[in-house]
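One chain follows as structure tokens, the form predicted alone.
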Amino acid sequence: MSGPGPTNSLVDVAGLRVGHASRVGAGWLTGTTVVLAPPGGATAGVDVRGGGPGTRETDLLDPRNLVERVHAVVLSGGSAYGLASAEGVMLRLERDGVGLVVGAGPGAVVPIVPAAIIFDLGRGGDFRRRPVAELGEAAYDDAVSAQGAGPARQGCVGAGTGAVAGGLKGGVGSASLRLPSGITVAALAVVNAVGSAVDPRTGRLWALDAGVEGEFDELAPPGSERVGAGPAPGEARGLNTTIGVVATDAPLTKAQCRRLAEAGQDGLARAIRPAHTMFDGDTIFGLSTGSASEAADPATLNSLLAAAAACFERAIGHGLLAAATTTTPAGTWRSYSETHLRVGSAGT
């Protein structure tokens, strides 16, 4: 494998854009993130694990089914209520004439917008403060702005606003790899897990083992007083779920995109322990912006799968490092940087 792309984030896959909408305060602690496909859409697959998934349009991504390409992927807080944010993204895409053409008249399109959610209900203090269609519209508007084409913002933004990971503050993280072949693979994760991202013996993030040269080198190891800080790993803390996207500019079929998503789950399981519990609904979408009529040969696909796992693992690490301690009427969630990193060490 080679090094990261120019931004070390999902937008290093040319044509993808990332937008966030967040709501904080007055009972809110939640948000929505949209990954916007390039014109013409992206070939897509999905892999869903754990005992409590919340998803939309995932059956459509089965390789046996008709539709080949999606126009956006929505990641949201709000548990099952948050799936409503995908409607806002659909309305914006329809307004812009983007979608599956289903008729001869102008505007006869149906945007294909799969979605997955995390559980963050009540973390802002008011159970009824959760994403709806308007938040999806705001995330779409952010994605199509100049900011949406820049490096994917990380930490307590969008769907990561109310995320909690193993009792520590979670958030959005992203990472990319540029392979020697010139192919780019990248990932974006919303880290909100029952399991822990921290090795209790050393206080290090599990994900640091996947870092490319120089990526995490500035992090000072935790002092002895910080090892084991925070909640015990694996302790049941209610409903959670980690969700995200792995993407590449290599041409893949729908079936190969599913394998890409499955590989992302391997990275998730290396970075969070335990993973895929009965209290998680871990869902990863696989996207290809390459030609839908082509397929990667087995050797190329194998290299993409290894890169997808590494990128998702690293994205989880960046999500924890970018998160900030958050306090609401419902409680305080301390960040990994506060609880484990020595004073003077950098984040991401």
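Numbering starts at 1 and follows the sequence shown. Nothing here was measured: the structure is a model prediction, and the numbers come from that model.
The same protein also exists as the form predicted in complex with another copy of the chain; that form is not shown, yet it is the one meant from here on.
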Of the candidate stretches 295-303, 22-30, 62-70, 311-319, the one with residues having heavy atoms within 4.5 Å of another copy of the chain in the model of the complex is 62-70
Could you tell me if all three of Thr58, Leu100 and Met278 have a heavy atom no more than 4.5 Å from another copy of the chain in the model of the complex? yes
Worksheet item: According to a 4.5 angstroms non-hydrogen atom cut-off, is Gly40 in contact with another copy of the chain in the model of the complex?
Response: no
Exercise. Contact between Leu83 and another copy of the chain in the model of the complex at 4.5 Å, heavy atoms?
Worked result: yes
Exercise. Answer for Met90 alone: is it within 4.5 Å of another copy of the chain in the model of the complex, judged on heavy atom distances?
Key: yes
Arg130: touches another copy of the chain in the model of the complex, heavy atom cutoff 4.5 angstroms:
yes
In this chain shown alone, the residue from Val109, Ala269, Leu219, Leu179 with a heavy atom within 4.5 Å of another copy of the chain in the model of the complex is Val109
Picking from Glu215, Glu262, Asp199, Glu94, the single residue whose non-hydrogen atoms come within 4.5 angstroms of another copy of the chain in the model of the complex is Glu94
